[in-house]
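Listed next as structure tokens is one chain, alone, in the form predicted alone.
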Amino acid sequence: MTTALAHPDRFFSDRYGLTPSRLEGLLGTAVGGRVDYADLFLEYQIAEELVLEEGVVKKASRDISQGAGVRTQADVRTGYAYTGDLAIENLELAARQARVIADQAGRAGVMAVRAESRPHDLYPVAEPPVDAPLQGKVDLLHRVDALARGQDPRVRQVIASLLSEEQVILIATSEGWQIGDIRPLTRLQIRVIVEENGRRELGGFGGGGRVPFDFFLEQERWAHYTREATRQALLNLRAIEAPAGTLTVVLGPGWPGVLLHEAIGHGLEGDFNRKGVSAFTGRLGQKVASELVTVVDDGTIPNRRGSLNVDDEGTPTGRTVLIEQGILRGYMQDRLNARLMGMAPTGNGRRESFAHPPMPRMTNTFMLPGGDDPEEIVRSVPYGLYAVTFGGGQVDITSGKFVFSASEAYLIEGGRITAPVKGATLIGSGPEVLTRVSRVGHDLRLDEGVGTCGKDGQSVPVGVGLPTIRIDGITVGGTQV
């Protein structure tokens, strides 16, 4: 087993001749004039995807990408240039271009310095998932297909995909320090289509994280994912139309935390608050939620999909308390926005690849558990909706307004979970919904490890989580007439 932070410097030095002295020279090219800070982000990534459909592997791809991005900063102005060729002359050209962009700014400010805390080693995987034998992966997809079809004769289609990555990064700065990381990532996603009397329905489930391929074989997780996807599809065959109106809604534990992520998480990212476009701007120290609500972003949970040893600026990740017992305590910050707001970076500077500059992004964002029994929370609702899984949604960062569709939900009648419903859409405002949380269960659960977050055209892996919570009065858009 290798130490995650030991390899990247040697990797880029041996393979591309990018020794520490050459990196220092490149950064020297980027700094000067009004530009007083620069950093270099080197990336080498292997990505593998296998997709089984109609009982055969219809896609098998393995892609290698490599490149570097050079960022320069002067006060609030940022220059960024990147190249997919790691030849030294191309890196020098990118450094000069980034400098020209930022050099047009006014007087430069003092940039953040290297964090003193020790980097983590959160995913010491002995065998990266991309290195696991191909035949074992193909065999697993066929086992998924066979199990799903054997669950019920109404199963018509099974689509199983296995994605694996290994990303090697190295960050060097004009302040003279370098730090790297090797990041494994894998995800097994299963979709099942069932049909009865001409009606077709879909169910989906999956999981993964910064784990080896054998993770899916342990405790037969792959079988659990398969049965869940099939169960959801069959459940939808008997679902009735969802009611509409203002209802009490109970969110189940785990994946429903995606509503928390979208409805308020983005609004707590530093850039939106520095620019004054978030519903939470200027509200630090104020009550923004029920006193039962405590929300954290934690990038230090071992092997989680959203966790990182260091963010994409080299800052070690941490556990950031965003809302504490209803009081807004902090924002998620990268280095630039932290400096401009007079705050400390929180290890939330993230980017999709070398072709993108970093920005404040979530890692694993979730609400802490309360003291209520989840079953008692349901019993406390005379009539309402119990939402277990969400599909797509939209959020307006400025207002916090959201629209989310529930892919698995049930009626609550007389304190009991009864009929499954389809077509339920939750409509509301993130900040307002937080004030209406009246019960919080003790059953915090994190999602299975499938989340991907998009922002400004960039996608990054994230995690979400939630205990069972009761929200009094959410507008539910239904299809019942």
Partner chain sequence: MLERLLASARRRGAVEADAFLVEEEELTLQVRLGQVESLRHARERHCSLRIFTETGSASATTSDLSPAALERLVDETLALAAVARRDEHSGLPAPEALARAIPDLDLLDAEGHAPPLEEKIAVARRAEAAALGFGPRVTTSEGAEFWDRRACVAYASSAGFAGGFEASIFAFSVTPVAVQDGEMQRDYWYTGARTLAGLEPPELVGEIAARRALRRLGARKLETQEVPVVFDPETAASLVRTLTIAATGPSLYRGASFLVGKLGERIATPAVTIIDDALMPNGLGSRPFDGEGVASRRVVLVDRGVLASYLLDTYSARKLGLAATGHAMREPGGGVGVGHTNLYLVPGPHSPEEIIASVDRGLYVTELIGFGVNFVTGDYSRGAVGLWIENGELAYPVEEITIAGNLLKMLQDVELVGNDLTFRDQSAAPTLKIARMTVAGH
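C-alpha atoms forming the largest set that superposes within 1.5 Å between two forms make up the rigid core. Numbering follows the first chain given and starts at 1. Since this is a predicted model, take the numbers as computed values, not measurements.
The same protein has a further form, the form predicted together with its partner chain, not shown here; the description that follows concerns it.
Might G276 be said to contact its partner chain in the predicted complex, defining contact as any heavy atom within 4.5 Å? Looking in the predicted complex, residue contacts with its partner chain include G276, since a heavy atom lies within 4.5 Å.
Quick check on V138: any heavy atom within 4.5 Å of its partner chain in the predicted complex? Within the cut-off, so yes.
Is the gap between G451 and its partner chain in the predicted complex 4.5 Å or less for some heavy atom pair? No, G451 stays farther than 4.5 Å from its partner chain in the predicted complex.
Under a 4.5 Å heavy atom criterion, is G84 part of the interface with its partner chain in the predicted complex? Looking in the predicted complex, residue contacts with its partner chain include G84, since a heavy atom lies within 4.5 Å.
At 4.5 Å by heavy atoms, is each residue in L23, L260 and L446 next to its partner chain in the predicted complex? No.
Contact residue in the predicted complex, from P357, P316, G207, P253 (heavy atom within 4.5 Å of its partner chain): Spelling it out, the residue with a heavy atom inside the cut-off is P357.
T246, Q219, Q325, Q286: which sits within 4.5 Å of its partner chain in the predicted complex by any heavy atom? None of the other options qualify; the answer is T246.
Residue stretch of 437-445, 48-56, 412-420, 23-31 approaching its partner chain in the predicted complex, non-hydrogen atom distance within 4.5 Å: The contacting stretch here is 48-56.
Can you tell me which bits of 289-308 touch its partner chain in the predicted complex, meaning any heavy atom within 4.5 Å? Contacts from 289-308: none.
Please say whether, between the shown form and the other one, the C-alpha of T425 moves by 2 Å or more once the core is aligned. Yes, the C-alpha position differs by at least 2 Å between the shown form and the other one.
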